[in-house]
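What follows is a single chain, given as structure tokens, in the form predicted alone.
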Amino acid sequence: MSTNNRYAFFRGCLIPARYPHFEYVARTILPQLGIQLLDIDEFTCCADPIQFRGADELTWLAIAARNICLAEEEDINIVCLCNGCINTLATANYLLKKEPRLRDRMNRILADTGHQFEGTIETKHYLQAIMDDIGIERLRSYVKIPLDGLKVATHTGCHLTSPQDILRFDDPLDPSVLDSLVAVLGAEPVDYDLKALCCGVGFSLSGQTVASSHLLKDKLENMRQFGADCITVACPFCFQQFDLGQQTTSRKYELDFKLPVVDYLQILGFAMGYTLEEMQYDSHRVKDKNFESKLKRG
């Protein structure tokens, strides 16, 4: 197996604390694609690219830089399961490589920790790793049970696409990569109007629950209007918004439908022949018999 497909596995905070089944799924699926995961026990919080960075940008950068240094010392790139984590790590990596004065200042800070930023590695979201290391056509060979008849509303998430010159993954105004990754599994991506709209979890995390619920309601109704059977995401925060947030929003606005949300690695797992139970679907709050029956694993 090529060493180019080896990554330092950055789990972040939310997944180990609240959604450990996503780590389980990643450890199940990614190695089968030839993507090896190396654990670095000293990894810490990324840290958060919005609230933490807004409160203390220098500390935010130092935390991110230290995490990157740990992977540099192993001479291995980083792969993340979370949009927030990749946004922080990719941005920090970009800034420190591009700006020598900032890098020198950061290395003076990092000296107290015994680390130095060298700028020798890359940071990737797992979707980027799949696209770079596997590719669409090779991914097709892993499909054992095509997801025919399943209509999927994809939600790429803001932090994986913006800023575009740093993340270099997709068009933030018209995201399409996740649609392609869903289509190769045999499912039908739903081209709904509000695809590029934020899920609203940032409002929720900052206590603006009314704005969060209203935005989520609009997005869910639009997905349903265009015939979606489920939602596919690639971020635990987006998952939290569409799963837990959907429950509270449905009660508030009396929505008469349920749209299950799954991480892309889960829906890939279904196409690879894994059952709902094996892909940890039972851990989710929002479930729907129609979705389950279309997978023929209900």
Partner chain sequence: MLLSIKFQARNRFLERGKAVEKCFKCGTCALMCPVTRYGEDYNLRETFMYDIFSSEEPPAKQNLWSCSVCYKCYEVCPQDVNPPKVFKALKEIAFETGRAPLSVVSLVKSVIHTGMAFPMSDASRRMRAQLNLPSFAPKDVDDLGKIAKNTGLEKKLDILKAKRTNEHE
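Numbering follows the first chain given and starts at 1. All values derive from a computational prediction rather than experimental measurement.
Unshown form predicted together with the partner chain; subsequent notes refer to it.
Partner contact region in the model of the complex: 192-200, out of 192-200, 122-130, 142-150, 178-186, criterion any non-hydrogen atom within 4.5 Å of the partner chain. Three-residue candidate spot T44, I63 and A211; every residue lies within 4.5 angstroms of the partner chain in the model of the complex by at least one non-hydrogen atom. Contact annotation: N290 falls outside 4.5 Å of the partner chain in the model of the complex, judged by heavy atom distances.
Taking non-hydrogen atoms only, H115 approaches the partner chain to within 4.5 angstroms in the model of the complex. Although the partner is absent here, T154 lies well away from the partner chain in the model of the complex, with no heavy atom inside 4.5 Å. L38 falls outside the set of residues with a heavy atom inside 4.5 Å of the partner chain in the model of the complex. When you look in the model of the complex, the only residue of A228, A90, A71, C158 with a non-hydrogen atom within 4.5 Å of the partner chain is C158. Taking the partner chain as it sits in the model of the complex, the stretch 42-66 comes within 4.5 angstroms of it through a non-hydrogen atom at E42, F43, T44, C45, A47, D48, P49, I50, Q51, F52, R53, G54, A55, D56, E57, L58, T59, A62, I63, R66.
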